[in-house]
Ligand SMILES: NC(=O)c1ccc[n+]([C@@H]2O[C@H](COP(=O)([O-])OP(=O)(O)OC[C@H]3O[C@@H](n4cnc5c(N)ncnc54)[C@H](OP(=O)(O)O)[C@@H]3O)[C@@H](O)[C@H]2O)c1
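Here we start with a single chain on its own, the form predicted alone, put down as structure tokens.
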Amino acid sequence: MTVIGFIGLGAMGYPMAGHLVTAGHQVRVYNRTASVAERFVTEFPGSTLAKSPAEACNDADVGMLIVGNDDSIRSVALGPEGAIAGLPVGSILIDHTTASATIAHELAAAAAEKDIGCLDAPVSGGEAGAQNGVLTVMCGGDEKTFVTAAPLLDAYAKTRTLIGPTGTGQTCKMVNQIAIAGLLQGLSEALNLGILAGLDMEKVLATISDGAAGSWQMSNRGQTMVDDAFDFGFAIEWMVKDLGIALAEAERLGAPTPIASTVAEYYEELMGSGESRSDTSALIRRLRSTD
């Protein structure tokens, strides 16, 4: 049994922490909205409530974070009430937030001052992946820390991979989000064509999903896109945040991103029309509004 301080019980963190409790670990939770943490400890007997990130991580083996952005990470990880203040020498800090490589280095440096291992470990798979325990975890850090953390990650991960040193987990997630943005725009255009042509889209999806055009997005979002259903999944406002991070890094590296930059603008348009909480596959609605 590992003692874990888990910070951030949002759409992803709540089920992830639940899997850790179910796996038999001693989990202390902290959430900015206390009522969510109170509900969690009621739903998962054996877990305990902490009043601060430092308290959650006090003498814990591992601290885990999954919050909103770089500033959110700093607020829960650093300072006298932060996770690092509570973690003891020899423990591990795992940050599952999708954030910048800059904050990954900042966290790793702060953790190293206390001889604490650190992984930047953003996840992919969405809320359903978190609930079903089949997330993909992209890790940056040293191999020793990763090997120690891997059995814990297995509680909610289908795949966990050490990409390289600190920051590479976050950079891998940027690659992931840029790829998704392009796929969803292409899928939106393709499905919209089929709909306008009057095709039986159930047959179309069943046929092309097994061919070279097949993808996770097509298999898991194709039918709901046809059905115009988007009240679930990975919210557009989260993708806008993620793409902002990815595009800033691409600009820094001099990597052209014409498609991703365009799709980011499309998502901004959708947010402006009230689609902030719709799934990212709602890109197709933008095409429907102009046809």
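Given the structure is predicted, the values throughout are model-derived calculations rather than measurements. All residue numbers refer to positions in the sequence shown, first residue = 1.
What comes next is about the form predicted together with the named molecule, which is not displayed.
- The partner is absent here, but in the predicted bound form a heavy atom of S75, alone among S75, N132, T168, T148, sits within 4.5 Å of the named molecule.
- Listed residues A104, A181, L93, V123 were compared with the named molecule in the predicted bound form; V123 is the one with a heavy atom within 4.5 Å.
- Residues of just one listed stretch (60 to 68, 44 to 52, 262 to 270, 249 to 257) have heavy atoms within 4.5 Å of the named molecule in the predicted bound form: 60 to 68.
- For the chain shown alone, E81 is not a contact residue for the named molecule in the predicted bound form, no non-hydrogen atom being within 4.5 angstroms.
- In the predicted bound form, the named molecule lies farther than 4.5 Å from every heavy atom of G18.
- Although the partner is absent from this view, G5 stays clear of the named molecule in the predicted bound form, with no non-hydrogen atom inside 4.5 angstroms.
- The named molecule is not drawn, but in the predicted bound form it has no heavy atom within 4.5 Å of D142.
- Along 97 to 117, residues T97, T98 each place a heavy atom within 4.5 Å of the named molecule in the predicted bound form.
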